[in-house]
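Just the one chain here, laid out as structure tokens, in the form predicted on its own.
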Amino acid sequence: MIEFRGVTKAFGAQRALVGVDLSIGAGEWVALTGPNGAGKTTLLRILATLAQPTSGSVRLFGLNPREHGAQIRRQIGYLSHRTLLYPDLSAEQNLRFYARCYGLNDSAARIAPLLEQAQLTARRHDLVATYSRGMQQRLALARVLLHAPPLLLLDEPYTGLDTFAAEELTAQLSQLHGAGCTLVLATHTWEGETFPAQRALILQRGRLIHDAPLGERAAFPALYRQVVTQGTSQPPVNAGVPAAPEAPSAAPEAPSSAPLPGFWRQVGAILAKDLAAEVHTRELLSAMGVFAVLALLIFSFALNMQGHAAGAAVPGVLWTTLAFAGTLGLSRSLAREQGTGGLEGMLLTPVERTAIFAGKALGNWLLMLVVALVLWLLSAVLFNLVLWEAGMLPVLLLGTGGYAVVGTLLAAIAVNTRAREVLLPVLLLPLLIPLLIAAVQATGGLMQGLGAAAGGDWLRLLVVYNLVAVAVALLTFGYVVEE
């Protein structure tokens, strides 16, 4: 099921994994341990297809993750340090979103028993932000088990659980293992944990220094200290030789043979999730709207123009205000995904990377259109102008659309940096100059009554800009979001 050959993962000069050779057969329960910083999480992320090795080869289910990523991801359940849940959605909304990503047609039948098992049925409609850490951890496990994966990757699954919840988790994992699931469970402490793993792996400084049957559970902590202290395995490493698993009972029913949801269904799931979160919080729309309205009011009092002079200045005022207001929304949109782990959660599903981009860009586009319409109406009142002329709609759609496409891509680039609020406008605004010039000129021509023909060349520039932006974004987004 899992095969590593000479896998090395480097982050600049720092190597998180060094020449790891590993084979894990179907039905095994493997405990992965080692000191903090040993490379456990990096190894699990490679197994989950969230990261690519710097060198070496990886095969999962006999397949190359680079070539069959979506097929592999639908057979993996990954529980990371973060819950990968959306705090602005309810428990049921979170599970429904992931069910749509996996293309589960019987989502209601799967969600109900998982919520019951997590003891969250009574609070299924409450926002996850109101849950305790233990409740979120139980819901995260329900997310992992939603699509009945045959391979479970668990990174510190006992974090935040009390004694009774930990015992229930152990019983649940034992039941899954008995049903044929393969489990790889990472932990850095063995105190109080009683999971019946068959095999133990010890990582130290990125190297696999111990790979052997677990043996007696109570004796392992002493062996672990000895191995880590000496830096070599005693008894000798059995690298690449899987321990013989117990004969599993019937394998869990997995929907791996069901067809994946189509591209636009994936886009629709992401867009619906974003809109639902915005309805609950109104965070992005409020920030963009308040900034845009205040900026427009300042411009109106500062310029104090009417008539022809106002008509010449207003297009620039409108698009400048919209550009800066949009930057606020774009930055927060991707930052919210990154902060909650939602982007990583989507990358774990078989959803196409281009569908993730399209869903996020459409959500940002809709928010910008709402702000743009408010600005247009307010400008008509403040400057005493008729701003809606024939041909204004395509200019507005193309102007905001191109902004959303370029902005979403650059926000995905900037979101992992410490100074993303500063970096995003520095990257974005220079690239928007052709778009803004074309939008201002086309809008000005229409407002001055010159007709659609006067802005034809500028409109064509907007069309070309949008086509190029979409093509570049679809080709590069997958590389941008991968580690």
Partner chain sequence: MRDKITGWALPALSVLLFLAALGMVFFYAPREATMGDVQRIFYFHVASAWVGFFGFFVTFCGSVAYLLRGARTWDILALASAEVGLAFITMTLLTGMLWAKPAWGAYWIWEPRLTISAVQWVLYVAYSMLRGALDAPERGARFAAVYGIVAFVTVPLSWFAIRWWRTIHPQLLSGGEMAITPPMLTTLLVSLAAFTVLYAALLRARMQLERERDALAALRAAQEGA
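What you see is a predicted model, and the numbers here were worked out from it, not measured in a lab. Numbering follows the first chain given and starts at 1.
One more form of this protein exists, namely the form predicted in complex with its partner chain; it is left out here, but the text below deals with it.
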query: Just to confirm, residue 448 within 4.5 Å of its partner chain in the model of the complex by heavy atoms?
result: no
Point to revise | residue 421 within 4.5 Å of its partner chain in the model of the complex, heavy atoms | key: no
Is residue 217 close enough to its partner chain in the model of the complex to count, meaning some heavy atom within 4.5 Å? no
I'd like to know if residue 426 sits close to its partner chain in the model of the complex, meaning any non-hydrogen atom pair within 4.5 angstroms.
yes
Exactly one listed stretch (366 to 374, 278 to 286, 405 to 413, 108 to 116) reaches within 4.5 angstroms of its partner chain in the model of the complex by non-hydrogen atoms, and it is 405 to 413
- Message: Check for me: heavy atom within 4.5 Å of its partner chain in the model of the complex, for each of 61, 78 and 328, yes or no.
- Response: no
In the model of the complex, the residue from 69, 56, 37, 434 with a non-hydrogen atom within 4.5 Å of its partner chain is 434
Taking its partner chain in the model of the complex and a 4.5 Å non-hydrogen atom cutoff, the residues of 1 to 16 making contact are 9, 10, 11, 12, 13, 14
